[in-house]
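Below, in structure tokens: the form predicted alone, a single chain.
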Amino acid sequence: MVQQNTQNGWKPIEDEGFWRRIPRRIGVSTLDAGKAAATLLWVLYRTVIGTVRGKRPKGEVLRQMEQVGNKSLLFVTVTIGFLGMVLVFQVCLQIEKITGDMSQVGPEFIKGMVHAFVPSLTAMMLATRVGAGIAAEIGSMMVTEQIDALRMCGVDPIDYLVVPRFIASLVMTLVLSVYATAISILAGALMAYTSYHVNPVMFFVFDKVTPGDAVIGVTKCLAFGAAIPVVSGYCGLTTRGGSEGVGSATTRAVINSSLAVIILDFIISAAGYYLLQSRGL
């Protein structure tokens, strides 16, 4: 019970109540989520249109490709290499305890890397590094009113800022994934040979990898490469406040980009599995 100040003194009024506040909060959260989803879809639409029309600064795509690809090379190499070694070590350890037959370690490991692990792991690493950078850069321009200055000059901020990063991310996510696949296989073969004396000839067997696995892997790379700059660009364009707002936008970009990668990974994996099953592949 709370009280309200009136001319005749304090008058008790009904408290709103916990159970009455819940529907209102759910409604507000639902409206906010719907608004955010609509804005994200609008950014995606404008990005695709800008990519098709080709209205972007000259040379900016190449510069962004260097930012996304070249400057992520060491990060991807070290991370994927160690993950590949850890996975092979754990698999060989369990097989040694059960059967001791290491003949299928290489083929199954390569199939898993191509089909699922490498595209997802590479995208997660790019979400942390590239996604945070995109959100921080665009968010800083947003709070310093540089985005408004672009609009006053007749320049679409999405064409100018998001589209070059979108194209660069599409290309370099695929390139980095192919590179990371090779690194993970080499690192896994090295671990299998040094720790469990698995013959490299027996490890480098690609018979298990089907065209369907390659198609699913490439589809994931393209989907992840498209999602990261769009989600991060949205977080940057919706930045409010000063430096605190930029920090919040960076955090949201990493979380939302990683979440988008996980959701797309599930959708593409499930759709690919049922499609391959229906075709008997």
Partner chain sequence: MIRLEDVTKWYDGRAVLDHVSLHLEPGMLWGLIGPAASGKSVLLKVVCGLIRPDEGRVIVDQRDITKDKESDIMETRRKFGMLFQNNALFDFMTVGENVAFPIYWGSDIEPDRLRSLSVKRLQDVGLSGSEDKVPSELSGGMKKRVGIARATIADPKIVIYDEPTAGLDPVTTSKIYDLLRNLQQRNESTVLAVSSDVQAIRGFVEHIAVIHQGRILYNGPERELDSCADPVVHQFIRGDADGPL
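On a predicted model such as this, the values are computed, not experimentally measured, just so you know. Positions refer to the first chain, counted from 1.
What follows is about the form predicted in complex with its partner chain, which we do not show.
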query: Any non-hydrogen atom of Arg240 within 4.5 angstroms of its partner chain in the predicted bound form; finding: yes
query: Heavy atom of Glu108 within 4.5 Å of its partner chain in the predicted bound form; finding: no
query: Contact test in the predicted bound form: Val155 vs its partner chain, heavy atoms, 4.5 Å; finding: yes
query: Met141, heavy atom within 4.5 angstroms of its partner chain in the predicted bound form; finding: yes
query: Partner-contacting position among Asn199, Thr99, Thr194, Gln146 - heavy atom within 4.5 Å of its partner chain in the predicted bound form; finding: Gln146
query: Single option in Leu150, Met124, Val205, Leu190 placed near its partner chain in the predicted bound form, where near means a heavy atom within 4.5 Å; finding: Leu150
query: Contact stretch among 227-235, 49-57, 243-251, 208-216 - heavy atom within 4.5 Å of its partner chain in the predicted bound form; finding: 49-57
